[in-house]
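First, one chain by itself: the form predicted alone, in structure tokens.
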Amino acid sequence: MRKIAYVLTFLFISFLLSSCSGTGKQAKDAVSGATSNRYSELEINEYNGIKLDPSVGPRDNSIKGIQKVEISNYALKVTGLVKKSVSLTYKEVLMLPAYEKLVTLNCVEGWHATILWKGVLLGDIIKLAEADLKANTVIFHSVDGYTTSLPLSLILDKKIILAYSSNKITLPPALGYPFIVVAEDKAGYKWARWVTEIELSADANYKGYWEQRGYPN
């Protein structure tokens, strides 16, 4: 009986510890002592008095795991309904005018992260390729085969950026290095990571990876 009581007590204490440390099923992943170890060494955790969340989320939810991009062979292509196809190296993208934005990523899994992003306007990249007048949709293709889309008008009106930095550090691989679409006011599955191609399209009803599986466009 003593042995059984000992085991039950141990399991109960373990449950309490896991719940308090943020590993329990109901625990929320937030900026707290339980998740502060997710901040990178040089990453800032506050901006203009606003507390920032760690760049790397509580778990990886990509379709094929975290991608490792060999930047020396990388090219960002702009294709589709454009007057001229464009292919940019990582360094060439970084040479475009830079913008910083404080934007919150909201994941359909229930967690969110407020991060200071730095990148280039998608509109500036698209301008280089001169979009056709018929184009109304921008389809993002990722290294792992993932796709999603956003209306071209939204990208231009909201000045959506393609980020290469988060909280003053180079975008981590887990977050989409070299580039992530900062699709503000949109759910996390619209934030394409590891972007390798930007396609201009006239298909306003295009459905990407999760949209084909029932998520709203």
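Residue numbers run from 1 along the displayed sequence. Since we're looking at a predicted model, the values are computed, not measured.
One more form of this protein should be noted, the form predicted together with a small molecule, which is absent from this view; the next part is about it.
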Are all three residues 60, 189 and 193 in contact with the small molecule in the predicted complex, where contact means a non-hydrogen atom within 4.5 Å? yes
Interface stretch in the predicted complex with the small molecule - options 131-139, 107-115, 88-96, 75-83, non-hydrogen atom within 4.5 Å: 107-115
Does residue 100 make contact with the small molecule in the predicted complex, using a 4.5 Å heavy atom cut-off? no
Residue 144, heavy atom within 4.5 angstroms of the small molecule in the predicted complex: yes
